[in-house]
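A single chain comes next, written as structure tokens; it is the form predicted on its own.
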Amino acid sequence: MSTGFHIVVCGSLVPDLLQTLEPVAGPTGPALKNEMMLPAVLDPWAGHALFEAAHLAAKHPGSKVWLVSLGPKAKLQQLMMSIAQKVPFELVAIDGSASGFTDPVEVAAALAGAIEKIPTLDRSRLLLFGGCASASRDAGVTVQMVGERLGITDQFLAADEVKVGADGTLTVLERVEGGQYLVSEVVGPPCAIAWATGNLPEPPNNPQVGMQNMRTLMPSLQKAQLAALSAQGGTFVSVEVPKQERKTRIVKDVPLDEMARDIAEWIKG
């Protein structure tokens, strides 16, 4: 395609996956203990979407990638410092909670509203990308609802691969039940694609890409609009960190059947 694509990736931060998360009752509803102090990373599924978008844009001249991120502005700034050198994109920042307790309907409304305000976006060339799930907001419906709000009816919600034909036709490899794929063809944009894993590894850091992205990152963060998201309706009764338990018994000359029986009884107990 000579005109290229306008690819909008919806993706934000999540707490580092190695951290222990403890829910607490906050002033506006459920929240995470010391949430603003937790180290944050780019959501893994959103990362797949972003890297696939950048790869697709690089192969088709005239394409452009936007990253629309909803999260606390200070945390978004920290996140951008770590991913800005990966791939070229223009950031559209929304200042709001990135907690897993937010309602996906409200999140989708905020994301769609920000996308609609992108001044140079051509809807006829729009590819809406995002993760099929999230490490924090694992509702699995956010990309679908953003697409619906933007009037995009061609949606693929667990894609692993997208190929572009010479005539601009998109061939999407989408996961279905039984470990199989549904191969779909769509004549072209607009369409929404929620990525499962993709096929690309995380790109290496490129300082030149980082300098290019920095021209838009800070202005976008400074003018980020506040999204008022509530966590009303979500409750929890109790929570505790899983306990580590180890019981060791040293024996000799025990038949294998008896050992297996003892292990099975211990697991059931």
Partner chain sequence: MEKDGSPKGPPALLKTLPGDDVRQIMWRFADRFDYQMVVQSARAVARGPVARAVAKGARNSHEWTDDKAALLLEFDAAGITAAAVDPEYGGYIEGPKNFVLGLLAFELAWVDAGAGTSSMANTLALAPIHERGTPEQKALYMARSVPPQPGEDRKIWRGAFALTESIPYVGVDTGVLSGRVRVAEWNEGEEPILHVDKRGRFITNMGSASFVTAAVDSGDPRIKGSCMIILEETDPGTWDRGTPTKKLAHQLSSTRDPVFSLRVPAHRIIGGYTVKDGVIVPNYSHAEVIEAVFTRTRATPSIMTSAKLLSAIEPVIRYHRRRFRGAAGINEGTPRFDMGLQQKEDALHRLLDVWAAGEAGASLGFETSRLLDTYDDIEKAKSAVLATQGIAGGRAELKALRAREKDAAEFVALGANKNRSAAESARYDELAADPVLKFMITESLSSVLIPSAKLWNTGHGVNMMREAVSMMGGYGITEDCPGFLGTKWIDGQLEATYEGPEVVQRRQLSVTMSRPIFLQQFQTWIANLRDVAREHPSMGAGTLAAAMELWFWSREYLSTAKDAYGKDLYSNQRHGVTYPLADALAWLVATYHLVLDVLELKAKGPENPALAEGIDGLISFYTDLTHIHSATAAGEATKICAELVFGYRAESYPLDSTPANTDDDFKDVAPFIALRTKVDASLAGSKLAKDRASESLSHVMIPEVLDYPV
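Positions refer to the first chain, counted from 1. Values in this document were obtained by computation on a predicted structure and should not be read as measured data.
Although it is not shown, the form predicted together with its partner chain is what the next lines describe.
Among the residues Ile152, Ala84, Ala112, Val162, the one placing a heavy atom within 4.5 Å of its partner chain in the predicted complex is Ala84. Taking non-hydrogen atoms only, Gly210 approaches its partner chain to within 4.5 angstroms in the predicted complex. The closest non-hydrogen atom of Leu18 lies within 4.5 Å of its partner chain in the predicted complex. Though the partner is left out of this view, Asn205 does reach within 4.5 Å of its partner chain in the predicted complex, counting heavy atoms only. Contact check for Leu226: no non-hydrogen atom falls within 4.5 Å of its partner chain in the predicted complex. In sequence order, Met37, Leu38 are the residues of 37-72 having a heavy atom within 4.5 Å of its partner chain in the predicted complex; the partner itself is omitted from this view.
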